[in-house]
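Look below for two forms of one protein chain, each set out as structure tokens: first structure 1, then structure 2.
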Structure 1
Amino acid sequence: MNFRRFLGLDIAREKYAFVKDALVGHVSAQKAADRWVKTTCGYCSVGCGMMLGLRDDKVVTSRGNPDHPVNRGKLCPKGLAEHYVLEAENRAVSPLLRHEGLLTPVSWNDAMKIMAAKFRNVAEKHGSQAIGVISTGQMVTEEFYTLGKLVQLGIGTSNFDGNTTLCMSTAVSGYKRSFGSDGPPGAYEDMTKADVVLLIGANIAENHPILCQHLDANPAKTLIVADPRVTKTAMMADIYLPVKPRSDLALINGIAHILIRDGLIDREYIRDHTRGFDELCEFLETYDSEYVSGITGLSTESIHKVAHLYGKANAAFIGWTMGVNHSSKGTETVNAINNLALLTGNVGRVGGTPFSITGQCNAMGTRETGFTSSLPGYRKFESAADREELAALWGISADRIPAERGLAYPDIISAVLKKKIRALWIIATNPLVSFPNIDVLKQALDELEFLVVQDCFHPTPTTQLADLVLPAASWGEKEGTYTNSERRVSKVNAAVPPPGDAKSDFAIFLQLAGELGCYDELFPGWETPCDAFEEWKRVSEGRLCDYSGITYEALEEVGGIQWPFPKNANSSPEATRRLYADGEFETDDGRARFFCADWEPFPEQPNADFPFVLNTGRTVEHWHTRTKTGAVAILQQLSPRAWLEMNPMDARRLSLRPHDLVDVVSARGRVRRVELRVTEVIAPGQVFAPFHFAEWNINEVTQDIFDPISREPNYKQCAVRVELSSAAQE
């Protein structure tokens, strides 16, 4: 005990001292920086510009970059505390190889030789397709591009996907089907210009909070929020639509029905730029307001009002996130959203767009370059011309480029269970928390001959199962670029070196390429991420996602540049860019497609044994599986444990009280001792839990049901019951 402190003589003067900062005024002396490094936030897809403050070569503070066009100096709680991640106690600092059941430190040379030898052995015995790779949305674009070439052309497996399939593949598939290519058409600026902003299953106030400033900059708008739960975003709405779970597709079809019936459509745009309108009109005849009201639980008056607001707007913005994507009908729901935009000409219009708000900081970067669901530059696997073009750029035979995509993430796991995949490389993701129906994944990983996990942290639930752990540099320790939801490319910079023997993912990929003997062919002379960036610029030139005019120097100066930005761009780097403003789409005939997507009940309906519908989601303090934010004391203190939200009516019926510890039970598993929150933000018959917490892993109970088109999981709408925990009863 500090007796001077106890007696009041020691007031911790040094600890709580303040100094004057020239920019922001008084700050804690512990946070006073002597130099600053510009970078971009490594959490969500908003793409906030940041300043990392250093003193004595250590990062001591994070601050929003006031000159960055996305956030103008603002940061959310995660961004403000992001620098603490760099000195987390559980950082991975050396390669670890499992020996006699224990993970033991080895040198990088040994780790790479063993990894290359194991992969070769599996390929020789079972073929190269017996190797699977699962990546992330959190590396820099240069690393995604490098990894794609390494996996597809060096290792020679097309069974390569990312955890972006767990959050964004539905939006990708929907854009491709409607418009012929991936890529959100609009920009954040559209939220400031729209007459009507319709958010469907998008709780941006907690998941993408900095986007709220773009809404706030448009006081004249009407904000409509459709969500089963009264989220913080719903509380901001002018009109809140408390839709029943998974009834969003019926609502959208109902709006489209009214638009066509009441003549609130742009017939000239439809005639000149679309296909399938007559079929859509016939299909939508059954979606009258009475039918839709019965499905959604909304009044016919509210459906009519929202449809007319949208249809009469000069510019209407529709945004969505995981509430739409996490569904076995997600892709078709995205197509229905795109239908609304096409019916009214709200594509490429200032203020008007169907806008997928992406999940991870660089999910867009991997969508553009990653060589997973499409070839780099939004090229198509099935297009011989696209394969020939890439082969010429790379100086290889086109026969080496796959003519179809490999297995998607959930299908890779299924292939492991069937022993078709024998070795797996997991990079910067933690599926032992994030994958649905965890027991299936656990069984699959037990079947592997060799599991490599590459991560910034150890131990995690996933690294603990690895045969080889590769320590990677984190955000703040490496250089490259991220692309955010509005296609804005921003620079990422290293402020400090990685801890111990950890290396950047880029360096790890090149070292493995050397061991596999493909470095000189695939990455000739490459030493830095800029080498990858320059090649990527050539690969993207002339494509929808054209980077050819972007330079690292321009990114540093401007703060971020939207693609497409070709070499001889006539507009300034600061200009806002929208896709399809000319009505020309990336389809074979240049026309967008209408899709007839019929509503269906969600797969697992509540019953006598499992009477509640479970919804899952996020909280503003944490990120994904909490690997990063759980190591940050201030964020952990703000949200230390999982909880379950339940309506007061249901709590009374079950004789449950606030803060009771309860078990959440489904046909697949049980999550124990979750703290109960009794609140009217959740409707009767529904419950909600966040998915961040490994200690209360809600994915013990979720379903392994997937969208048949995008392969994204239906994380939401599973049937559960809630019981008072037995430990709480004792």
Structure 2
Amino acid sequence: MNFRRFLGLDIAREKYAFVKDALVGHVSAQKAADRWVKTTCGYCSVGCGMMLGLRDDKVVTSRGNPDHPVNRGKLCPKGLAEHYVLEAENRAVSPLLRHEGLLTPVSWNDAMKIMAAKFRNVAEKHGSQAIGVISTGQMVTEEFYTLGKLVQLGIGTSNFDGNTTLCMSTAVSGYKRSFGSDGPPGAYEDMTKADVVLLIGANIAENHPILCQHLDANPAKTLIVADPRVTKTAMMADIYLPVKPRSDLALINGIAHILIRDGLIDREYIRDHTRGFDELCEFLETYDSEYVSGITGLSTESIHKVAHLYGKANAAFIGWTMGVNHSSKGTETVNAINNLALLTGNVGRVGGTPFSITGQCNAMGTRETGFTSSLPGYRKFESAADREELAALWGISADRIPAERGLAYPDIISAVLKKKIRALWIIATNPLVSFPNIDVLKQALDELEFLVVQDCFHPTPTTQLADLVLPAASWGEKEGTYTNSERRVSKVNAAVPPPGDAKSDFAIFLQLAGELGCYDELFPGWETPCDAFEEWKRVSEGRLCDYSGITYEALEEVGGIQWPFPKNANSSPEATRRLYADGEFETDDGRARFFCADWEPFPEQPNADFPFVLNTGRTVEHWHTRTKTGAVAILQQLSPRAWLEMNPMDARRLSLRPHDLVDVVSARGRVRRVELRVTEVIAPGQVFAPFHFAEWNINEVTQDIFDPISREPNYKQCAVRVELSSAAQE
């Protein structure tokens, strides 16, 4: 404290002054901008349009773009504070190589040479499939497209997946099975046009708050929310269905049973556009209301009421997120949801759609272009025609394109454990916090010959284990596009250069391609993301996700365009587009499929040693593993610590009091000293904890069991016990 401040002469007048900003009016002088850069938010998949305000080439404010059709100027608290991410202290600023046990700065040239040499070495010794790559949903589409080619054709491994498998691969698998292709059919506008909105395992008020605006714009709707926990969204509902954990599939089958029994189905639509109806009818006979009531814990009356509301609606919207996806029966549950939509003809109709609300800002981009679970442009590995078409577009021989998908994320990890994969490249994700049953992952990473972690932040729990850390540019420092949940492509722009020696992921991929000697073949003359975008437009042309009519200029102009938007499209860029409006699906015969998905109890039932069912989830202030939001002071202030929710009845039984520090213990591990929250939001017998906090990492106890089809982890249910933390740990 200086002397003038001590006396009180100095009251930091300049810092706390206000000015009239030309665009935003009266505002703190700290936040006044001299220029603005339009971009798209880099957190979730809602895809809010944003304006970054810069003063003296530093980003000082982030504001909602009032002109963007998704958010109309609003942002969630993470978005409003997103500019602080760019000045976070723990940014990765230099390539780091492990030398005598310590991560030591090296030049980019050395880093890339070493990485290429190590990869070559592993490929020579064990074959190129011994290299694994785990990517993300956080990069721009252009980077996903580039990375896909680099990994599959340049490095030559198909053991390539993303953290999107922890997030929405279930929705992908479900859409593929029901409709023949990935791609959410609807639009946010459907929420404003539907008579009935059914949300299953989707806490949008917490996780996608800006979507609530679209619901609010539709006061006539009936909002039905199914969730085992009384979430903020459940409290908004007209009808709340407090289902038992993982009984969603039974509920959906029960609704389908009533729809068929009571004739609330669209027989014409079923006849013309679907297959498998008769088998479904037969299968659903067992799902009468009494059976479903026994599984879900709901009354037969409320199941009947909801089924009739859904069946009689002119347009019915079903939205879901992780409550459905984070399940070992997830894909089948998505198919059951799609069954409901198909039975009632609520696909591609205004207001009527089965709609997976996605997680990450550009999970959709990697689904479209990524070359992980499918070939770019939703092409199928299994289809020779698709492989040949793609090979022709790229001017390569078709046999270089794998005829089947490589290992999915959890299978890459188990291949590492089995020493089948010897080198791993992790990009823009933090599995040391996000992967289920973390100890297995830690053991696996120890087995590797070479671990490269590419991230905007260092140290993170994952970069600390790396042999090589590659510092990447973050959102706000690079250009490209994101696709949001409703297939709307929006532009992402750089406002500032990356810190230190950090580079955009795009530049890193091209440099590695140069080192590997595949740059000229795969990325001839590429310099900017626009080069990737132009090629991607050609590759997507004629596909469901047709980008060929989209240009960067048009994206800047209209603030987001929904695909498909082919060249010479007959609709305006701003128009709302839906998939399958004509009832023509992407299957061989153009018909959607019904699936008979039988309910099963979740794998690890509570028992005498572990009597509680643990549910995990999010809070509005934080994003994923908190590498970004943990660096933002205001968000930390608003949500400083993890907590464990427990019903008062259970707390009384265990003599636990609010704010007690407790350990959460499963057969796999122990999370220590979590602050207890005693609340009626959670049902007796269940507990809930957020998954954001590395310091209280709930994935120490979650179960590493995966959906057999999508390979998504079953994060939402496992058996735990709760103990008062011993004082000795203090």
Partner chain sequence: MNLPLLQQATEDGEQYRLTPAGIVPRRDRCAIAAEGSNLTPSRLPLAGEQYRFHLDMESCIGCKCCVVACNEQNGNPADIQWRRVGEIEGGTYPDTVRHYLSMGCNHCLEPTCMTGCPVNAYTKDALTGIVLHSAERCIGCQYCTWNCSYGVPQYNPERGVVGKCDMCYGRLTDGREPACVSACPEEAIRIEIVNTSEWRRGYAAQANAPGLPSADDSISTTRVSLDTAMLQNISRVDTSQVEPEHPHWTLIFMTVFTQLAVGAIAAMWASQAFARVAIARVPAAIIVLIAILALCASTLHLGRPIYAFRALSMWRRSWLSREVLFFSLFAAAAIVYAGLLWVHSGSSLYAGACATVLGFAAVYASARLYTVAARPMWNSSHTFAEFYLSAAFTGTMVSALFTSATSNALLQMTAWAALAIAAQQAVKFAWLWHSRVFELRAAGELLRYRFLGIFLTRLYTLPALAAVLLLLDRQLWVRIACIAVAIALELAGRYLFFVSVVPKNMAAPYLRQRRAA
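Under this definition, the rigid core comprises the largest set of C-alpha atoms superposing within 1.5 Å between the forms. From a predicted model like this one, the values you see are computed outputs, not experimental measurements. Residue positions are counted from 1 along structure 1's sequence.
Visitor: Choose between structure 1 and structure 2: indicate the form predicted alone.
Guide: Number 1 is right.
Visitor: Quick check on P708: with the core superposed, does its CA move 2 angstroms or more between the two structures?
Guide: Result for P708: no, shift under 2 Å.
Visitor: What is the magnitude, in angstrom, of the C-alpha shift at I11 between the two structures when the rigid core serves as the superposition reference?
Guide: It moves 3.4 Å at the C-alpha.
Visitor: Where the rigid core has been superposed, how far does the Cα of A22 end up moving between the two structures, given in Å?
Guide: Reported C-alpha shift between the two structures: 4.0 Å at A22.
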